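Taken one at a time, structure 1 and structure 2 that follow are two forms of one protein chain, written as structure tokens.
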Structure 1
């Protein structure tokens, strides 16, 4: 289990990069946010990493950071590179990679909607899913969906006879 030589060379051209082999066909890369667009560009140009599989966002409350993970796949090398970057949570801002990978348009729009991260230069950051939502971005850890549900919706009161019998004996479904 080792990183393909070509990939290893290219990855180590980036300053301050940490490379880790996760499994046979997946390489985890940790790098600083400024170098990410350059990395994607080089990977795409030299090694055929032309398929952006997904951009995932993770909200780390303790360190007050967003983690953005760019999963790119090369049809040539048959290896996936997951590039992890951490951006500060407060302005919550990053550069769009739409001009390198077109699928980024959808994922950035989704992350903007769910986490409130702003992507500079993204073609379309309009709401897609939550058009009738007025609250905070729901995927943030600070948003408690259970509390919101208790506050907004009512429940059917469910107390059939068989349950009353059980409750009289001290049992119940709660």
Structure 2
């Protein structure tokens, strides 16, 4: 497996990045956050990486960082580049890449809602999934679902008629 020549040439123009071929159609690039916008611009403008298919986030509590992964696809090279950056959990901020890839607006909004990462310059960071949610970002590894539920909701014994019928016949839930 080797990186497509055009992509290899462009990636090696950029200082301080680490490049690994993951499989025949996927390249992993590890770089510093300040280099990411330039990489996305160059990939889009020179190699046709026009499709931002996702931005994903991982909460690394042990290192007090978020890992943001930008997945871009080139129809011309038929290759995915996954650009990995790490940002501090505190303050949990990064710049929006909406101006480079408009679909970033949706992904940044989702990550903001679920992890609390603020994207400077994003067009809209309003809630859209958890519109009535009052708790902390639920995808943080520090979020304790059980504790939140016990503090927020009253327990109600669940005993629907269909279950009562089953229990009357000797079945049920242990």
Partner chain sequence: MSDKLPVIEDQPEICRSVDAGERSVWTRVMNRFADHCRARSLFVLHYCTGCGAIELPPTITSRFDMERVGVSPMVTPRQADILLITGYLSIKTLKRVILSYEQMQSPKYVIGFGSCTINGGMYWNSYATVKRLDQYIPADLFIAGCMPRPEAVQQVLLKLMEDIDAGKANGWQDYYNNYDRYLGNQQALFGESWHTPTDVIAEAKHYGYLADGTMGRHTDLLLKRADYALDRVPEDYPERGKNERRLP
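Positions refer to the first chain, counted from 1. As the structure is a prediction and not an experimental result, all values here were calculated from the model. For the two forms, the rigid core is made up of the largest set of C-alpha atoms that agree within 1.5 Å on superposition.
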Looking at both forms of the chain, which one is the form predicted together with its partner chain? 1
After core superposition, I'd like to know whether residue 23 moves between structures 1 and 2 (criterion: C-alpha shift of 2 angstroms or more). no
Using a superposition on the rigid core, decide whether the Cα position of residue 148 changes by 2 angstroms or more between structures 1 and 2. yes
Residue 165 CA shift between structures 1 and 2 in angstrom, with the core used for superposition: 16.8
